[in-house]
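There is one chain below, alone, in C-alpha cells, taken in the form predicted on its own.
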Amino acid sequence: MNFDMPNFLPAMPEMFVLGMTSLILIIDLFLNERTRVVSYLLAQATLVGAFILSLSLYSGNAELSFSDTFVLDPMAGVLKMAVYATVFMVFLYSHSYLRERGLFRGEFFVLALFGVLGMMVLISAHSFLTIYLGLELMSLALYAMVAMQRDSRTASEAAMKYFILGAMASAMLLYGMSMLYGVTGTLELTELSRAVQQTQGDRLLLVFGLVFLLVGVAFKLGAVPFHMWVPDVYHGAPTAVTLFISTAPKLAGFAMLMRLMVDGLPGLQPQWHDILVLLAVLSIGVGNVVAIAQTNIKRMLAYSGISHAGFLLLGVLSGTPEGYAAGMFYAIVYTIMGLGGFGMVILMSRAGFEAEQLEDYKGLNQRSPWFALMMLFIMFSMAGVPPFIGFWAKLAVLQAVVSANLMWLAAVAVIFSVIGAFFYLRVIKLMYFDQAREQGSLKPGADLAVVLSANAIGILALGAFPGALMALCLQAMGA
C-alpha cells in the first residue's frame, strides 16, 4: 500500500504554534519569577509569527490536505488572523493582572496557546474527526485555565461546572456525528453533503443527528438553553481567563457552526434554519432580560454575550452568503467589544480587589474622565448605538434576516435590543451621575492604558469606516 505524503503547507501555522508552544513549555521549566517574562514574550512572538504565516498563505481559493480532513479557505484565513490578534490583545491586557495575583506563570500562556491551536484546527476542520479534535483541544485548555487559581473556591467550582457540562455537550456532539456517519458512511464534510442530498425517503435519523450537533455548537456559543455555564464561569474564573474565554473561542464556535451546517449539511437547511430561529430568539430574549437583574458586571457581560450569540445566529440562519458574511462580521465585532469590556474590568481592578460589582463603577468620570469615555464607547457599541461598530454589526444581521423574509424575527430582535440597552446605559449612568465610592484617581500601567484606549477608539473608528471589515467578510464568504 502506497502512502501519499500530504501537503503540509496549508497547516504551517498550526505546526508553528505547536512547535513554539512545546518550546515555551520546556523553557518555562528553567525560569524563575523574575525571568518569566521570557515566556510571555515568546507567546506573543508565537502569535505574531502565526499571523505572518497565515497572511502569507491567504488566497481566494480553498485548498484541502490530510486526506481532505483539513481545509485552508478564505474564511479560515480571516478567522485565524482574528484569533491571533485577539489573543495577542488578551496577553497584553492580562500581563499586569496576572503579576499582581501571583498567576504570572508559564501555564497560562502554554494553555492559552494550546487553546489557540485547538481553535485553528477547528476553524480549518473539513471532517467530523478534525472538528472533534480541535474542539476537545480547545476545551481541555479552557477547563484548566478556569481552575488555574487553585486557592479560589469560586474558580474551582466554575471549572467543575464548565468541565461537566462541556463533557455532556461534547458527548451529544459525538453522538450526533455517529448518527450521521451511520446513515451516510462518511466523516468528510463534502462527501457528507453529497450523501445527504442523495438520501431519499425518511430523513428522521439525519434530523436527530442534526439536533445533537446543534446542541454541541449552541453550548460552545453560549446560546439558550445551553447557556447555564456562561455566567458562572465568567464570574468564577480570574478576569484574565474570562477575557480569553469570552472572545477568541466565539470565533472558533462560529467557524464550527459554518463547517457543520453550511459545508456539511446544506441539504438539511430547512431543518437547521428552524432550530437556529428558536435558539436565536431565546438567546436574544433571555440574555437581554436577565442581564438587567445583574449587579455583577462580569455576569452582566456574560448575559450580554448570550444575547450577542443570538444575534450572530441571525446571520447564519438566513442561509445566504451575505448572511454568513454578516454573521462573521458580527463575531469579529463582538470579539473586539468583549476585549474592551473585560479589559475595563481588569483596568479597574488591583491587587486584592476585583472591580466586579456595578457599584465599583460609580463616579468613574470623577476619577478618570478619559477611561469613563472609553467605557462609554464600549457600552454604546454593545448596545448598538450609532455610529459605533456594534450598530453596523446588528444592522448587517438584521438586513440578512429581512432579506430572508423573516420580518417578525427582525422585529423581535430590535425590541429585545431596545430592552437590553437599559443595562448598558445603567453603567454609563453610574459612571457619570453617581458619586464615586473611592476618591483616588486611576493609575493603570502605561501598556494597559494604551491598549484599552486603542481598543475603545478602534470601536469608534471601525464604526465610522465599517466598509473595509465588511468587505473582507464578504470576500471570505464568496458573497
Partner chain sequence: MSFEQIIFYIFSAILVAAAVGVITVRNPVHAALFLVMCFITTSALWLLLEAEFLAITLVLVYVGAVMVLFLFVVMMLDINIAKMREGFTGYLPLGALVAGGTIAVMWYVANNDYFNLTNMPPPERLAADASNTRMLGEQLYTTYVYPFEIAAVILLLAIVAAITLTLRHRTGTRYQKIDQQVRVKRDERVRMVKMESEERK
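Numbering follows the first chain given and starts at 1. Please read all numbers here as calculations on a predicted model, not as lab measurements.
If you look for the form predicted in complex with its partner chain, you will not find it shown, but the lines that follow are about it.
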Handout entry: Heavy atom contact within 4.5 Å of its partner chain in the predicted bound form, the stretch among 175-183, 225-233, 283-291, 377-385
Key = 175-183
Exercise for the section: Sort through 141, 275, 169, 406 and report the residue having a heavy atom within 4.5 Å of its partner chain in the predicted bound form. Expected result: 141
Problem - The unique member of 133, 81, 262, 155 whose heavy atoms fall within 4.5 Å of its partner chain in the predicted bound form - result: 133
Exercise for the section: Look up in the predicted bound form whether residue 18 has a non-hydrogen atom within 4.5 angstroms of its partner chain, and give yes or no. Expected result: yes
Practice task
Although its partner chain is absent from this view, report whether residue 205 comes within 4.5 Å of it in the predicted bound form, heavy atoms only.
Solution key: yes
Exercise for the section: Classify residue 199 as contacting or not contacting its partner chain in the predicted bound form by the rule of any non-hydrogen atom within 4.5 angstroms, answering yes or no. Expected result: yes
Practice task
With heavy atoms only and a cut-off of 4.5 Å, decide whether residue 105 touches its partner chain in the predicted bound form.
Solution key: yes
Exercise for the section: Could you list the residues in 97-133 that come within 4.5 Å of its partner chain in the predicted bound form, counting only heavy atoms and keeping sequence order? Expected result: 105, 107, 110, 111, 114, 117, 121, 129, 130, 133
